[in-house]
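Encoded as C-alpha cells, the following chain is the form predicted alone, with no partner shown.
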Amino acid sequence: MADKRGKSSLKRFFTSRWGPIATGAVIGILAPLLVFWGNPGNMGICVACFERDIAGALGLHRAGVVQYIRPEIIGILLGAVVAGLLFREFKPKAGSAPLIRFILGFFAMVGALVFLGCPWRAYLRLAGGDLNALFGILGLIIGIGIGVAFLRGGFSLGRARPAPKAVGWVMPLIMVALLVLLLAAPLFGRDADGNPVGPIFFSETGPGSQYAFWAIALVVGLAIGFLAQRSRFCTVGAIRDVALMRDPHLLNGVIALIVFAFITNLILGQFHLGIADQPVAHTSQWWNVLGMVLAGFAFTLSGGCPGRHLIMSGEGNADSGLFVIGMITGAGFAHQFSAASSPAGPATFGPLAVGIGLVVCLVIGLTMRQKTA
C-alpha cells in the first residue's frame, strides 16, 4: 500500500507544473557536467548530434571526426523503458503513418545538422554563451509556428493502434545491441593504409573523440530518460502548446534547462559569451535560421522533439522508433552527400537539402489532413 501511495505522489508531482521544471533543471545541470567530464563543448547532450555520431560509428557515413556510439542516447531510451514498465505505461503501438514519420525524421536531421544541433543543444549552446544559438532558436520557433498552422488546419498522421509486445521491444533491444557494440568495439582489421575496416568505427580526432566515461554517460542518460518519460518533457511541444493552447506547462521546463545550464556553466568556467570561435558552431546566420526552420517544422508535424521521440520509443511506440531511425539515416545521408555543416559553415549541398526538405514537409502538411464528416 505504501508503495502505491509513493507511486501516486510521484505521478502527481511529475504531472504538475513542477515535473517539467525538475526535468529541465536536471538536464541543465547534467549536460554541462558531461562537457566537464569529456563531451564536446556546449554538447553535453544533443540528440541529433549524438545520433549522427552513432550513424558514423555504424559506418553509415565516413566523416571520421563524428563517429562514436553515444551511451547517452542508449540511456535515455532505456530510462524511458524503465519508467514505462514501472508505471505501466509501456504500451506497444504502431500504424500512425510510419513511412511519413521516417521521412520527417530524415529531414529533421538534415535541418539540425545544417544548424549543428537539435533543440536541446540550441538551448544548451545559448546557456554556454554561444549567441549563434539565438538564430537557431528563432528558426525553431518559426518552424514550429508553421507546423502549428498546419495542425490548426487539420493536419494529422492518424492514430496508432495497439501492437504486439514484441513490436515495443524492438528499439530497446537495438539500444542494448548498440551498448554491446560500444563495449566490444569489434574490428575486422585494417586496410593497407592502416585505416580500420569496421564494422564499428570510432573517431580518433574531432568531436567524436571527445566523450565522458561510458558508464557515467549511460547513467546520466538513464536518469534523464526516466524523468523525461514521467514529465512528458519536450522542447518542441513547449512552444507548440503555448501557440496552440496558451499552455506554458512544458515551456517552464525549457526555461529551467536554460537557467540551470547557465548557472552550471558559470560554476564550471564553461560560459564563453560571443559569436565567433564557439565550439562546433558556425556563424552563417541565415542557414542557422533556415536549418532550424526545417527541423522545427518536421518535429512539429511528427509530434515532438528528437528527445521526445526517444522517450516514446522507450514506451513502445514503434512509429517514434521509425522517426529515430529516420534521423539516423538522415545523418548518414547528410554527411555522405555534403549537406551537414561544419564550424567553417554550411556544406556544399546543405542549402539545397534544406530547400528540398521544406518542400517535402509542405507537401506532407498539405496532403495529410484529417477528413471531416
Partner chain sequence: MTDNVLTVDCSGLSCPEPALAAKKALTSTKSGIVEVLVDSTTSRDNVLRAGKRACWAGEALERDEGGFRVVFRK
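In this text the structure is predicted, and so the values were computed from the model without any measurement. Numbering follows the first chain given and starts at 1.
Just so it is clear, the following notes concern the form predicted in complex with the partner chain, a form of the same protein that is not shown.
Proximity to the partner chain in the model of the complex, taken as heavy atoms within 4.5 Å, picks out 246-254 from the listed stretches 74-82, 246-254, 172-180, 107-115. Interface residue remark: Ile258 is not counted as part of the site for the partner chain in the model of the complex, having no heavy atom within 4.5 Å. Within 4.5 Å of any heavy atom of the partner chain in the model of the complex lies no heavy atom of Arg190.
The shortest heavy atom separation between Arg159 and the partner chain in the model of the complex is within 4.5 Å. The partner chain in the model of the complex comes within 4.5 Å of no heavy atom belonging to Arg121. Shown here without the partner chain, the chain has Gly303, Arg308 in 288-312 lying with a heavy atom within 4.5 Å of that partner in the model of the complex.
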